[in-house]
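Only one chain is shown below, in structure tokens, and it's the form predicted alone.
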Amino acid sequence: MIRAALATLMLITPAAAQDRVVVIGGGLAEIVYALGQDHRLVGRDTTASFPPAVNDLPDVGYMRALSPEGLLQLDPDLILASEGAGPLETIQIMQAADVPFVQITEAPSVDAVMERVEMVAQHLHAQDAGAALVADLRAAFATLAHQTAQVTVPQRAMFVLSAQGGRINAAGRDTGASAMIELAGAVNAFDDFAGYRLLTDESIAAAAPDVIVMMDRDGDHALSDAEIASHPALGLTPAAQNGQIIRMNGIYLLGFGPRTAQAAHDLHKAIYPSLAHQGG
């Protein structure tokens, strides 16, 4: 099903290897580097920040607010973009300029990670490197599954996307955050709704998460321990009272690129430190 969806997303299939590639999406950028094809890159979007060398490339702006001028000035012969990149007008201008604008699924799943690697490798004509990377990833996910199988009582985890004016925006099901929580061997404390939602204090108290997970960036995307403790709802959760607050780099945790298995492993160790001490 994912492969069929990808077929509809690919707007143009390149006939030959491209030497001037712009990558849109942090996870895709990581894949290009993992394939050893970074020498072809001439630009990236703001979400691409790993490995550090990618930051030396020209920044064409946020993936959902791309300008034709910013892309065309780099004279690309291929644009690899996560699904949802745009706007549509920019994509259409790229097509009119005969620049392949390839959109690749950003679905947050193990299978989608493999598909992304395969599709990027195909468009860069690096299929052998792609097959080797997929094999390594499958082995890493198999190891992760063995580790999470040791969990007998899954912890209830809450992912906080942001906190503005005291209102908590949290992840429900069908989100990258929820998928990572499950990969780590826990359950999403807010699986009764899809997407991200502003929560009431009552719903937070009722969910009673054992663990709070958030990105480690400054600003609205992170809360200090003191802010969590003083929050009228978060402060009463088992997570806050037991000090089970986990912060991770956003692109590492939610990028769904080559580091996904390791990120889920690190999250698993943070949620279940006793299992980690036992070698899990």
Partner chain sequence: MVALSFLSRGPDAAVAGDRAPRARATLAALSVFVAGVSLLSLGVGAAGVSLSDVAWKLASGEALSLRERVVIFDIRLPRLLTGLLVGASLAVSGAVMQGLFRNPLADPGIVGVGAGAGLGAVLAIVLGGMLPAALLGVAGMHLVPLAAFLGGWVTTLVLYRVSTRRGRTSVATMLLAGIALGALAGALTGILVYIADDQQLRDLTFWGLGSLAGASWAKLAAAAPIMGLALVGAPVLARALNGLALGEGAAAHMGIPVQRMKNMAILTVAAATGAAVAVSGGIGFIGIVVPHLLRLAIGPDHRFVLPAAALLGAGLLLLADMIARLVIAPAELPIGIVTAVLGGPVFLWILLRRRGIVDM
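Residue numbers count along the first chain shown, from 1. What you are looking at is a predicted structure, and each value in this text was computed from that prediction instead of being measured.
One more form of this protein should be noted, the form predicted in complex with its partner chain, which is absent from this view; the next part is about it.
- In plain terms, the part of the chain that comes close to its partner chain in the predicted complex, with a heavy atom within 4.5 Å, is 69 to 77 out of 144 to 152, 69 to 77, 122 to 130, 179 to 187.
- Contact check for residue 89: a heavy atom falls within 4.5 Å of its partner chain in the predicted complex.
- Its partner chain is not drawn, but in the predicted complex it has no heavy atom within 4.5 Å of residue 38.
- The closest heavy atom approach of residue 226 to its partner chain in the predicted complex falls outside 4.5 Å.
- Its partner chain in the predicted complex is not approached by residue 29, whose heavy atoms all lie more than 4.5 angstroms from it.
- Contact here is defined as any heavy atom lying within 4.5 Å of its partner chain in the predicted complex, and by that definition not a single one of 101, 212 and 216 is a contact residue.
- Of the residues given (51, 243, 61, 232), 61 alone sits with a heavy atom within 4.5 Å of its partner chain in the predicted complex.
- The single residue of 100 to 114 lying near its partner chain in the predicted complex is 106, the criterion being any heavy atom within 4.5 Å.
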